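The chain below stands alone and is given as structure tokens, in the form predicted alone.
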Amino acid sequence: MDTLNINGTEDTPSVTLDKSKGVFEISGRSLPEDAAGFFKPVLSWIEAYKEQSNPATNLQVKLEYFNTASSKLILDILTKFEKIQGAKIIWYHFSDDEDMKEAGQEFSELVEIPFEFKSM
């Protein structure tokens, strides 16, 4: 399975989905003009990964900021991981960023997947 690697920009997050190395990470700022278009390959990759997933999958989410359009797509991503056996979300937030911590807590209440919260 090919690795999905998207380099981040000022408005789009970095995405690394690497089954062979067990690295699953989304980081940076997410406010793309076309959030659905930006996240489409991510959602497709996860859908394919679901069919032959690793025994354990830890998705690290290290977002500094995301807009409303990205929020819906992030929920879609979390929902896809929800269907992967052994998956867990590790939600990072800056220690002084209560908004990002609360966003993670709200997501954790919407999906049936273990969440772990870590401050950076």
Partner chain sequence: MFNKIKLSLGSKIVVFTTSLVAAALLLISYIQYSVFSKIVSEAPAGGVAVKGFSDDSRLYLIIASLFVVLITIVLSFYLVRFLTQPLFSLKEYLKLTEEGILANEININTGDEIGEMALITNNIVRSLKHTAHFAHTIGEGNLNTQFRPASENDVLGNSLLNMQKNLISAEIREKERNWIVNGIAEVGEILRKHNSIDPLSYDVIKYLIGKIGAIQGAFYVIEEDDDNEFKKSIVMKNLYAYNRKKYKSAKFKMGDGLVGQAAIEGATIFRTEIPKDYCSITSGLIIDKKPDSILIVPLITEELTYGVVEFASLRKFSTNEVRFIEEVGPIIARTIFNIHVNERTQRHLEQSQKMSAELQQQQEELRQNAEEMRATQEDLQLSNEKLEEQIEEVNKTQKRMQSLLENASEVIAIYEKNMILRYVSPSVKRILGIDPSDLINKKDEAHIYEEDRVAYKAMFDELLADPEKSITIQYRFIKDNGELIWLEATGKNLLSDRAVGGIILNSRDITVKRKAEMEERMRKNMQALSENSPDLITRLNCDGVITYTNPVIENYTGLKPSEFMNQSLETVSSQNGIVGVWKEILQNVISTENKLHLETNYNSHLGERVMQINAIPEYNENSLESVLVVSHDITEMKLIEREIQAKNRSIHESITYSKRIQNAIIPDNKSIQKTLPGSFILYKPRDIVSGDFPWYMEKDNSVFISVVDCTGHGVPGAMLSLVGYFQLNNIVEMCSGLNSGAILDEFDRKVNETLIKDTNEENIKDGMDIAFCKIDLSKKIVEYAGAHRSLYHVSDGELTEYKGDKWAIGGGVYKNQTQFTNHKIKMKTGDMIFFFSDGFPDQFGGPQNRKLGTVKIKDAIMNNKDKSMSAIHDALNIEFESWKGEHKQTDDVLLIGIKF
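Nothing here was measured: the structure is a model prediction, and the numbers come from that model. Numbering follows the first chain given and starts at 1.
There is another form of the same protein, the form predicted in complex with its partner chain; it is not shown, and what comes next is about it.
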* To do: Indicate whether the candidate residues V15, E51 and I84 are all in contact with its partner chain in the predicted bound form, with contact defined as any heavy atom within 4.5 Å.
  => no
* Mark L59 yes when one of its heavy atoms lies within 4.5 Å of a heavy atom of its partner chain in the predicted bound form, and no otherwise. => no
* Could you confirm whether L110 comes within 4.5 Å of its partner chain in the predicted bound form, counting heavy atoms only? => yes
* Asked: Do E47 and its partner chain come within 4.5 Å of each other in the predicted bound form, heavy atoms counted?
  -> no
* Flag I90 as yes or no: does it have a non-hydrogen atom within 4.5 angstroms of any non-hydrogen atom of its partner chain in the predicted bound form? => no
* **Stretch 32-61 - residues with a heavy atom within 4.5 Å of its partner chain in the predicted bound form** => E33
